[in-house]
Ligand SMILES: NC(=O)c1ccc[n+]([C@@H]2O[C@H](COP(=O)([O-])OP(=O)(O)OC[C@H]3O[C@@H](n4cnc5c(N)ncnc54)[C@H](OP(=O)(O)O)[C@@H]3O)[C@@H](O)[C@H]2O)c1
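Okay, here we've got a single chain as structure tokens, the form predicted alone, with questions on binding and movement later.
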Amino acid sequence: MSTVVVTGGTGTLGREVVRHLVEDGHDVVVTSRSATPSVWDSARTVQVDYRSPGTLRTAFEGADAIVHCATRVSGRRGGDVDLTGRVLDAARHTGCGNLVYISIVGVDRIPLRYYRTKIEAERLIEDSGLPWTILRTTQFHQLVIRLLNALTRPPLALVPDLSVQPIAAAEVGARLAELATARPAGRVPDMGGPEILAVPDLARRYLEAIGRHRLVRPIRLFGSVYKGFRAGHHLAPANASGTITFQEYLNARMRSPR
């Protein structure tokens, strides 16, 4: 049995990591900015201020591994890079045996501001002197749903003519839990969803599922970010290890209580 700390353990992905670790019998500590307890009784939640080295060091004390899921979606000062740097400082102080980091396929090839912070955070980890493991994945089903919900609100839904490879957060959580309880592995193979699908097609499926009537029109965008997505740099066709399809996720979401 290992002791594993999960930063951001109350978030979409963090909850899944915690669930798998608990089910496998590991001692789990969840760090969170809020006092919201973990949904798992056997996991201990510690409220931390990520700007305070003391609270992080206390939370990390005795950890065999740290899974760093906490994030700040900001490319400005105080964003993901600063957050990761503070986590690394605390991890060094407590002698962490494996720092596991979740990243995104294409962060080194698509010049999106948030992606730039993720690749910079990766480099901080690689140069930290700590044993580390980095996993890059494609987009979560939940993110795709949020995007589709926003795009299909107007009567005419203008949808980027792109493809995505959505993956279930539950499957990524299982993989991170596995990596956290294994030896540090450096950069591991990317992890992608089971299908590569056109966003306009996903928009039509989503509209049908929620009963919203909209005309969907694919559009081409411009710029270096769009060019990177058009080239498929955010996809991992050779690593389609996910098994839960978007349609299966959507169907389950529609069946669940709101």
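Please read all numbers here as calculations on a predicted model, not as lab measurements. The numbering used is simple: start at 1 and walk along the sequence shown.
Below: the form predicted together with the named molecule, not depicted.
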query	finding
Of D108, E122, D80, E171, the one that lies within 4.5 Å of the named molecule in the model of the complex (heavy atoms)	D80
Contact residue in the model of the complex, chosen from C96, L148, I102, A180 - any heavy atom within 4.5 Å of the named molecule	I102
Options 63-71, 192-200, 220-228, 205-213; stretch whose heavy atom lies within 4.5 Å of the named molecule in the model of the complex	63-71
Residue contact check: H233 to the named molecule in the model of the complex, 4.5 Å heavy atom	no
Proximity of T12 to the named molecule in the model of the complex, heavy atoms at 4.5 Å	yes
Distance check, S163 to the named molecule in the model of the complex, heavy atom within 4.5 Å	no
Partner contact for R33 in the model of the complex: the named molecule, 4.5 angstroms, heavy atom	yes
In the model of the complex: members of 114-130 within 4.5 Å of the named molecule, any heavy atom	Y114, K118
